[in-house]
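Just one chain follows, in the form predicted on its own, and it is written as structure tokens.
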Amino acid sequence: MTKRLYVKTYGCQMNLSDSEKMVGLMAAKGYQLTDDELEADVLLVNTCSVRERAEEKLFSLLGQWNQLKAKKPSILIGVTGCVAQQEKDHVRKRAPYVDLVIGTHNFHDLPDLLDEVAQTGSPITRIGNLKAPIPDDLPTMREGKYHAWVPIIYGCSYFCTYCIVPYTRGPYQSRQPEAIAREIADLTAEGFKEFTLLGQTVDKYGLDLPEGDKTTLAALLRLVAALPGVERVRFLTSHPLDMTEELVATVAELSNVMEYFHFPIQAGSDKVLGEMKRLYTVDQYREKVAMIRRYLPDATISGDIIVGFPGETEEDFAATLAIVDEIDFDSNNTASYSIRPWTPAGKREDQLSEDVKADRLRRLNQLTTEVAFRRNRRLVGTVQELLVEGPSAKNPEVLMGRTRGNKQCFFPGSPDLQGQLVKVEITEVRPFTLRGELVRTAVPLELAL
């Protein structure tokens, strides 16, 4: 009898990629993925610990799964990812019915550990060395058909004072370029056309490889872009400190590398940036943006911003609002500061109240939406290149694709366009989506991103 696996993923694109690998590993052992918790034999949650709220979501979900386990005792519950790595004892204490807790560097052991739990009936906790290499060439079941996440660098070594990632994913380590190229070549053979190269600090790629193997993200882009069948390449997330002119010039040169840069500023105040240990100033960030727009005037630029960092004044926050308006971001992931274990910022006594943080987040979100809408309005009447991903969730006669600038665009079209590059004239915009009409005659493609 085929066993079924249900997976819930919280957090970043790296977590999504890890989940795809875990599903692939389980599929190789005969498991079938299901989207119905009630029919699952294994319930697995891949966790995120960047925000406190993500942890609360985890324990709420585990409480629901415990009720399922009470009705079907044979169900196995597993917790993996950053919360498992960070809070293994807390997970065990708060949810003792969990059968398996495994860390971020142990997910490749998932099938064997589940077999051991099933055979012994005893729960297992396995948290490995964060400096240990993560195996390459793992079986992977991709969520999409045309776009694939491809990790190229794991971990982070910057230790921003608010961030828990270095403690849950370890120091940064780059994959060998040959392994990355091999993975992408295999994916193109399966019909994949677009690839996003992933890393917590993706533009630091290759600098940690052994002497003689050291390389750069720009060199990797050249390698990947030259592979047959690769129609689109993106990369994220970049750190402003590592954004080089060589990288930007390479993006401008290679036609199948998208003009999209996600590199967080986090705050608009030099004082706050210094206390965050971001290692750059607002002016230095401005210089990076100017460099990008010198090479690619219409490039899409997005980022992340935290409000309510300990000690942040109203003046500091006003500087953040000012830089959002000035930079003209296409989008920003925004969040109020959340205390994280082990981090220096979490130990400070000048924490802001939840009311102040909520008010600042509301004001920032309002401005972020206004600026994004302003950026999108300039696209009305332009023709955009889309890779069609599939039908809209609301209307099967409407298709969704992403522009070169990673903006979602919806347009009426037939299902046979899925997986194709098409041209769409933009007729209507919203702050974070576009609408348009399929261009059926050959016209020059305006790269107004």
Ligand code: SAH
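What you see is a predicted model; the values in this text were computed from it and never measured. For every residue, the number given is its place in the sequence shown, counted from 1.
The same protein also has a form predicted in complex with the ligand, omitted here; what follows describes it.
May I ask you to state whether residue 278 is within 4.5 Å of the ligand in the model of the complex, using heavy atom distances?
Yes, residue 278 is a contact residue.
The ligand contact at residue 51 in the model of the complex, heavy atom, 4.5 Å:
Yes.
When the contact criterion is heavy atoms within 4.5 Å, does residue 306 count as touching the ligand in the model of the complex?
Yes, residue 306 lies within 4.5 Å of the ligand in the model of the complex.
Evaluate residue 335 for contact with the ligand in the model of the complex, applying a 4.5 angstroms cut-off between non-hydrogen atoms, and reply yes or no.
Residue 335: contacts the ligand in the model of the complex.
Given that the ligand is left out here, which of 230, 187, 180, 163 has a heavy atom within 4.5 Å of it in the model of the complex?
Of the candidates 230, 187, 180, 163, 163 is the one lying within 4.5 Å of the ligand in the model of the complex.
If you check 193, 105, 340, 375 against the ligand in the model of the complex, which one has a heavy atom within 4.5 Å?
The residue from 193, 105, 340, 375 that makes the contact is 340.
Can you say which of 92 to 100, 261 to 269, 287 to 295, 121 to 129 gets within 4.5 Å of the ligand in the model of the complex, counting heavy atoms only?
In short, 261 to 269.
Would you give me the residues of 9 to 35 that have any heavy atom within 4.5 Å of the ligand in the model of the complex, in order from first to last?
Heavy-atom contacts within 4.5 Å come from no residue here.
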